[in-house]
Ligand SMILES: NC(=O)c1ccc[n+]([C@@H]2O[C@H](COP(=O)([O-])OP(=O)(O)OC[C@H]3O[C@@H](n4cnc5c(N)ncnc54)[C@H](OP(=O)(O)O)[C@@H]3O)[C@@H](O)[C@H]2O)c1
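Read the single chain below, which is given as structure tokens and is the form predicted on its own.
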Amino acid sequence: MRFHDKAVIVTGGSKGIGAGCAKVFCEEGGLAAILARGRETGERYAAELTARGPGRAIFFQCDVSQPEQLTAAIDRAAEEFGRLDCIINNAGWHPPATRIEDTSLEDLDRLIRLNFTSTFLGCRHALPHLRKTKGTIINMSSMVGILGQDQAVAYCSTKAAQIGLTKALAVELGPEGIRVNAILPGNVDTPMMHEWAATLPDPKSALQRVAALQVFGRMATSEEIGRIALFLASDDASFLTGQAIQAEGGASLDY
């Protein structure tokens, strides 16, 4: 019950890593606001988590690339729970492999808006609520934000920007007792990973190759990333800020 009666907002919280985060926080007695575009999936998942307990989940339909929707959802969540102790800026997307000369400025702008601008605005608009609780901010970046990735210049750039934002904001907000950290997942077994594999001639073999990259011979689960988020949001991490936690199962070690 490390998050008992405390409130968290998880953007993109109805599936993948975000769903794993919402589940773990609810299991620890937390109050989770799930923000996502798909109403049916989001409402069903929030009801499932609430029924399972001991925490409670609610859903707000929100496209985080639309600033008005995001700010309204953050305020509604804080009002519903009467407080806000953590925001997990998780919503994002990885486009198909695309070379830089085939990446249009329009595509780049849309991805920046979804992956980075929404993180910036989530931090900014949650701040008045987090000041009241001396809460925490967790930004879901990616290992490729520091390692790079072939034919993913736009995606890697947005993820690197999240890391820079995390470190700068940790310095700015530290004197107020607000901690800001980032998680950098590697390969995680999510619907997005399976959607990527489905675009290849042999999806099963592709997933096996990805799993073999980790020293454990498997990908992470969404709940494992969620438990890292819970640690960062709890008092157990009270002296951690500005960190970019590399959750990649050793994939970057045996180069």
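In this text, residue numbers run from 1 along the sequence as written. From a predicted model like this one, the values you see are computed outputs, not experimental measurements.
Same protein, other form: the form predicted together with the ligand, not shown, and the subject of what follows.
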Problem - Non-hydrogen atom within 4.5 angstroms of the ligand in the predicted bound form for each of 32, 238 and 242 - result: no
Exercise for the section: State yes or no: in the predicted bound form, is some non-hydrogen atom of residue 17 no more than 4.5 angstroms from a non-hydrogen atom of the ligand? Expected result: yes
Exercise for the section: Would you check, heavy atoms only and a 4.5 Å threshold, whether residue 50 touches the ligand in the predicted bound form? Expected result: no
Handout entry: Contact flag, residue 63 vs the ligand in the predicted bound form, heavy atom cut 4.5 Å
Key = yes
Problem - residue 114: touches the ligand in the predicted bound form, heavy atom cutoff 4.5 angstroms - result: yes
Exercise for the section: Please determine, with the chain shown alone, which of 75-83, 172-180, 120-128, 88-96 has non-hydrogen atoms within 4.5 Å of the ligand in the predicted bound form. Expected result: 88-96
Fill in the blank from the handout: When the ligand is considered in the predicted bound form, the residues of 140-161 having a heavy atom within 4.5 Å of it are 140, 141, 142, 155, 159
